[in-house]
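Have a look below at one chain only, the form predicted on its own, in structure tokens format.
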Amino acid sequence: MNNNELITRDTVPEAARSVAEKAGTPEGREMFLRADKDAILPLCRALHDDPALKYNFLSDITAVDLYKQEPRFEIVYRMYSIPDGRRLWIKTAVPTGEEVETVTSVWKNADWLEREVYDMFGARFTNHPDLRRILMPANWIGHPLRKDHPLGNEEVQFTINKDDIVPQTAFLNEHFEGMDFAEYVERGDEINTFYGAANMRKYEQEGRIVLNMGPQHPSTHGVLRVILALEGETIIDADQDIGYIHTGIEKTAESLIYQQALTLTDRMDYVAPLMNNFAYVLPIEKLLGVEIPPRGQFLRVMLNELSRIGSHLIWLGTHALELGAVSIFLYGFRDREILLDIFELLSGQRMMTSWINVGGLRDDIPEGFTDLVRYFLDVFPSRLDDYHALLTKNPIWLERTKGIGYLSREDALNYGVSGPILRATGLAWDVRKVWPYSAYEEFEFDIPTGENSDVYDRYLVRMEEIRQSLRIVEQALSKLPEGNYRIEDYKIVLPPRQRLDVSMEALIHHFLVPTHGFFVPAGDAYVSTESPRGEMGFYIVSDGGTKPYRMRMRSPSFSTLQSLPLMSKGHLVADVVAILGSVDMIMGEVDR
């Protein structure tokens, strides 16, 4: 069976055998399949359950609106065989008004992913256990990522489609009998509060306590509402209500040229913005077929690892503060200031630099940059030792973190958990090693892992990751190549400023590149990267124009946050604070 052949329900066994036969070949490293929508569930089950395949990690489910075509929607599934380091894509066409079978019985994290596809596109999943909106308010009209849905900054009068309303109100009518749509819109706040805690109402009926944690802004994480069902002070169940800081970034990107959309990525994971820039440009460069010069590659790696350290310092400081260790918070932000000084020297911006661009970097490193990086490498290791001295054997810290928030490796994979939390289960899975990008294959570093998969182990893993990032920055600095820091195709990157006075062509490109943009060949691409929170990547669909037809961020926090109820059950309310700190979610990338 070839990659272009449509897999039907009857040909699923043949397709699975074909994939298994290619498993040990270079072609089997990354495969692409097309399947009939009725074949999705049996195909996914075969890929997951077959011991010769072992696709045990669902990375993402998303959709593309092929507007004015029929079938209108293309649902895209991406999964990994973690044991064998293989990746597989499945695409299926879904006509307007038709449904595709849910795969929540195969991977648990399909729950939120399918809810998001429903929320954003209106595509429905048969037998989904809880198909409600997840990012938009319950009384929102329409599905925002459809091409015919207005951006939001336009004054429009659009007709309410009954098909868009009825599925959204059916659940609510069970609880607000006789409510018409006008009242449904009018009572939006009340309905949204009820809607977000729908799964927890049964505990109130049983006489259990249902407690809201939030919505609030817990330190740098963002706005999150956690709903807890309690027996006394012990948690028996939990749910989350997200979407409070949804800004429609993926929708907005469709209206901007590629360079302009880059600035949106800074606002997703807002404590490691450079890593978002990096993840965003890689699939675009893949579609363009450009190769970044070695100097640009090394500088990108250096900036990414400095960003990782800065992100982990924020995590450490706020995590410790949430558990009462105030001094660590002050020390962590003191050391992060040096990193912000480095970014400011580079770009003039301390956080939202937008410095990693398509084709390389916005500019080369300035005078004094390497000296400041060297200073950080000299002073910080001893300060990292100080953090360990304050926390690692501190009896209060041990009491609040050891044995708290256990997550088995099997559950972590089932919920799509990646990054430090997955590595704390003892699995050495790091995208930089498994799927090397940029120049990471040229650097020596270790992958820290844990043993007990609790809050304490996640702390130890991240602390060691900081040390490994220091190793990578040291190597990048000592082996930094000479030469160009970006490509020399001035239809993609801005020409050097000194050429503007001597070249009319350079002057033309100086205006065209930032205003009109560049054309990206039609197609789609995804490149995964290792962010401070796990696998982060951007799925870019191009129609051959200067703007992304579809931009999708694979958010590690989005998948990981689904496992919070599993980690919280049996613990006390106070332990949820420690568990949330160990998750280190950033709601900007959860809600987008």
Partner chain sequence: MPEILVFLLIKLILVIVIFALWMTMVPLLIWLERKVIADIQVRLGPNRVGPFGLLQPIADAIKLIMKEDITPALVDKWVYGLAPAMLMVPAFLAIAVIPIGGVVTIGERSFALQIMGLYRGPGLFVPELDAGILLVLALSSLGVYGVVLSGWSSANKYSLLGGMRSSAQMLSYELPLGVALVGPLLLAGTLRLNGVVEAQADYGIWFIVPQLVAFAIFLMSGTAEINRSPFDLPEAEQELIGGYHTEYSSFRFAMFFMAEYVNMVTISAVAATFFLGGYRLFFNDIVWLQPVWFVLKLMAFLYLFIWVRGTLPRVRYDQLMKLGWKVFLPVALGNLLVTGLVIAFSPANTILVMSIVGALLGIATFFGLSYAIVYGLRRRRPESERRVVEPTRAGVSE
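Residue numbers count along the first chain shown, from 1. Keep in mind that what you see is a predicted model, and the values were worked out from it rather than measured.
This next part talks about the form predicted together with its partner chain, which is not shown.
Contact annotation for the candidate site: 209, 331 and 394 all lie close to its partner chain in the predicted complex (heavy atom within 4.5 Å). With the partner removed from view, the residue among 485, 437, 376, 203 that has a non-hydrogen atom within 4.5 Å of its partner chain in the predicted complex turns out to be 203. Residue-level contacts in the predicted complex: of 118, 406, 270, 244, one residue has a heavy atom within 4.5 Å of its partner chain, and it is 406. For the chain shown alone, residue 324 is a contact residue for its partner chain in the predicted complex, at least one non-hydrogen atom being within 4.5 angstroms. Contact check for residue 467: every heavy atom lies farther than 4.5 Å from its partner chain in the predicted complex. Residue contact with its partner chain in the predicted complex: residue 503 places no heavy atom within 4.5 Å of it. Contact between residue 362 and its partner chain in the predicted complex is not found at the 4.5 Å heavy atom cutoff.
Proximity to its partner chain in the predicted complex, taken as heavy atoms within 4.5 Å, picks out 315 to 323 from the listed stretches 315 to 323, 255 to 263, 96 to 104, 490 to 498.
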